[in-house]
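The chain below stands alone and is given as structure tokens, in the form predicted alone.
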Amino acid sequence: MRSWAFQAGFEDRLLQSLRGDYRVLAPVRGTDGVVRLQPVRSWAELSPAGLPLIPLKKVVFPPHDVLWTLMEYEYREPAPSSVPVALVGIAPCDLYALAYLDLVFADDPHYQRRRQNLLLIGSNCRPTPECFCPPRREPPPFDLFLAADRLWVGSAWGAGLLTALQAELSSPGDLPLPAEITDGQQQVPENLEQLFTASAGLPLWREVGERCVSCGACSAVCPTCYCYEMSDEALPDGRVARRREWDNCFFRNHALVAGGQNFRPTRAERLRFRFEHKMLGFGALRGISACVGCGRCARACPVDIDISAVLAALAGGNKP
């Protein structure tokens, strides 16, 4: 992969070159200690040791999204933003998560419009005790990736950004990305599908489910959770708006259908449903894990439920 060494201060000059044409967002730790995607003007503002609490999905799959409005038999879609977004300093796990959402929303025009307007500049992370990212065969998607004093180009878009900055770069070389990006930190059990199938009657799900308070925090902060519901709203000016809003498989009403039937009425059933589909994929994506091992769900859970500990228990380890 094409790579260059860069001079000190290159990161800030890269940000400066972006600001005229992009809305530049990066993980920034606020005074309350929470890391959020925020506008930045210098590289020193970035928080390399922290993932944003609400991940990248909010940029391409907003929590509240008007899909169209109807007025006198005419449907109108909201005008897309003309300003591209540059996400800077993004950790590999969040880049892998975006790759998963790209598969989920491959045919969704609203997602695709935002995604095609999204520049990705990745950087190395600092894993926390809750991180358990799996090993990868392929690098994550990015346009540029920065690690230490080198950068890598992942797209023609990224290569074009370097045209005005060539004076600060070394001669290009062909180097792989740093191994820690794809090596991962924890192996997923090879027989996970069989373990889940055999676990249906285990007390594990009831015991962990009794601790769960169904707050949905784990799903809200998960970079690949994408359940949503649709609603139509009659507006005061006579229009009707169709909205897509984040939903949550931990909520009791998520599997409630007409007639009052509920496919997953207990927390234990909802917990097992979420864990299975997070680790083993769902629908057409069965077999592709949606978990990137970022550890957000464990950090956000108010009762300390940790998906990696549940996996370890399934594989014969201690109770989570």
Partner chain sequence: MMVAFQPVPAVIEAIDKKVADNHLFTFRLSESISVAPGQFVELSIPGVGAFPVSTAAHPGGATFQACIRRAGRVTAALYRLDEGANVGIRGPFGQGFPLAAFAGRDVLLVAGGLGMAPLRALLQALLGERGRVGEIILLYGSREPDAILFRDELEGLAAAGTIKVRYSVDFATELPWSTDAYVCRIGLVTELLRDLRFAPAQTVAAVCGPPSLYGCVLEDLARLGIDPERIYATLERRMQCGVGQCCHCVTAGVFVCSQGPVFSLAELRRLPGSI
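Positions refer to the first chain, counted from 1. These numbers were taken from a predicted model, which means no experiment stands behind them.
The same protein also has a form predicted in complex with the partner chain, omitted here; what follows describes it.
The partner chain in the predicted complex is approached by E229, whose closest heavy atom lies within 4.5 angstroms of it. For A106, a non-hydrogen atom is located within 4.5 Å of the partner chain in the predicted complex, even though that partner is not displayed. For T266, no non-hydrogen atom is located within 4.5 Å of the partner chain in the predicted complex, even though that partner is not displayed. Although the partner is absent from this view, F273 contacts the partner chain in the predicted complex, with a non-hydrogen atom inside 4.5 angstroms. Scanning A148, V240, L202, L175 against the partner chain in the predicted complex with a 4.5 Å heavy atom cut-off leaves one residue, V240.
In the predicted complex, no residue of the candidate spot (A8, F10 and R115) has a heavy atom lying within 4.5 Å of the partner chain. You can rule out all but one of 24 to 32, 291 to 299, 278 to 286, 38 to 46: in the predicted complex, only 278 to 286 has residues with a heavy atom within 4.5 Å of the partner chain. Heavy atoms closer than or equal to 4.5 Å to the partner chain in the predicted complex belong, across 51 to 67, to one residue only: L67.
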